[in-house]
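Below sits a lone chain in structure tokens, taken as the form predicted alone.
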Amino acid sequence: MKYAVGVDVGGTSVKMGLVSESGDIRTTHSFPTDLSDGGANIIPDVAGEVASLLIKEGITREMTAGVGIGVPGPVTSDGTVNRCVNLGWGRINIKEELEKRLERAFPVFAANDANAATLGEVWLGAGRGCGNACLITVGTGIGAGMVCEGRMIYGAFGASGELGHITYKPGESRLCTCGKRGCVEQYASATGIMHMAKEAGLSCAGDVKEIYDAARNGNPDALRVTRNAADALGFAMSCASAAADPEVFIIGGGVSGAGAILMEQLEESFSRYVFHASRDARIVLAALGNDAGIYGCAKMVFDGINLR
């Protein structure tokens, strides 16, 4: 039996799992993302945790097919990241750097995290059997991966699916982490939701779940915040529909844990913005939850490809 280590690097935590060729996760592990020194410690930390995981599980080099790593930013076909603003990275070849840290014991494959999660959901999750699908990860930031006619869409510069950086409100005074103003991410991500909650004077302990719980209980300020977030994301989804016309939108990431209230608000806002011919696109929750990226990164290893 061969195993792959899937590594999903987020702005808050790094999640990894040991996945078999048949798609079974043997074990998972997470640890905080070290953003100090411009994210210089992330790759060394990942290498150390991968090595420890394999030793702990008794997985030999011969049993290891490789490591797949997903990061929140554009990735080129050779594994080079072209600026990960949420990690503090500029330009870095993560495939080469991680292979070096792992003493080239096995190959590393790199991907944009949303593309990796999309691959996972199309392989074993809510997008199984769908030739045209869009997965949107809503967490610290917002990313998306799109499959069109059975093939992943990358774009010329590896930036396909950056729905979080569609301009939603050009008059916004705050800068987005990308350097623009009024991006969808400033309103619909966990970071954006918390910012709006603080502006609304909502008392919360830094947890988006509290905001959605309050909205579910009828708090008018919380309802306004969550509806604003859904409006921004629904707008971005309508843009994706106009460009790629997916049959299903799969919502994943930490904010997707809000469940029914999030889906109801998204369906309302999407139907308001979308072109009539695409109105029947389904909106569903990711079936693999926060493990979608792990599955996708492992699948990348088994397929022997870098997802851009």
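All values reported here derive from a predicted model rather than from experimental measurement. Start at 1 and count along the sequence shown; that's the residue number.
Although it is not shown, the form predicted in complex with a further copy of the same chain is what the next lines describe.
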Per contact check vs a further copy of the same chain in the predicted complex (non-hydrogen atom within 4.5 angstroms), the hit among 219-227, 118-126, 145-153, 191-199 is 145-153
> Is there any non-hydrogen atom of residue 235 lying within 4.5 Å of a further copy of the same chain in the predicted complex?
Replying inline: yes
Would you check, heavy atoms only and a 4.5 Å threshold, whether residue 272 touches a further copy of the same chain in the predicted complex? yes
Practice problem: Verify the contact flag for residue 246: yes if a non-hydrogen atom of it lies within 4.5 Å of a non-hydrogen atom of a further copy of the same chain in the predicted complex, no if not. | Solution: yes
Exercise. Mark residue 35 yes when one of its heavy atoms lies within 4.5 Å of a heavy atom of a further copy of the same chain in the predicted complex, and no otherwise.
Key: no
The listed residue (40, 242, 55, 63) that reaches within 4.5 Å of a further copy of the same chain in the predicted complex by any heavy atom is 242
With the partner omitted here, the residue among 87, 166, 92, 204 that in the predicted complex has a heavy atom within 4.5 Å of a further copy of the same chain is 166
Contacts from 270-297 to a further copy of the same chain in the predicted complex (any heavy atom within 4.5 Å), listed N to C, are 272, 273, 274, 275, 276, 277, 278, 280, 281
Distance flag for residue 149 and residue 77 (Cα, change 3 Å or more) in the predicted complex: the two residues are closer
Checked in the predicted complex: CA of residue 91 to CA of residue 173 differs by 3 Å or more, atoms lying farther
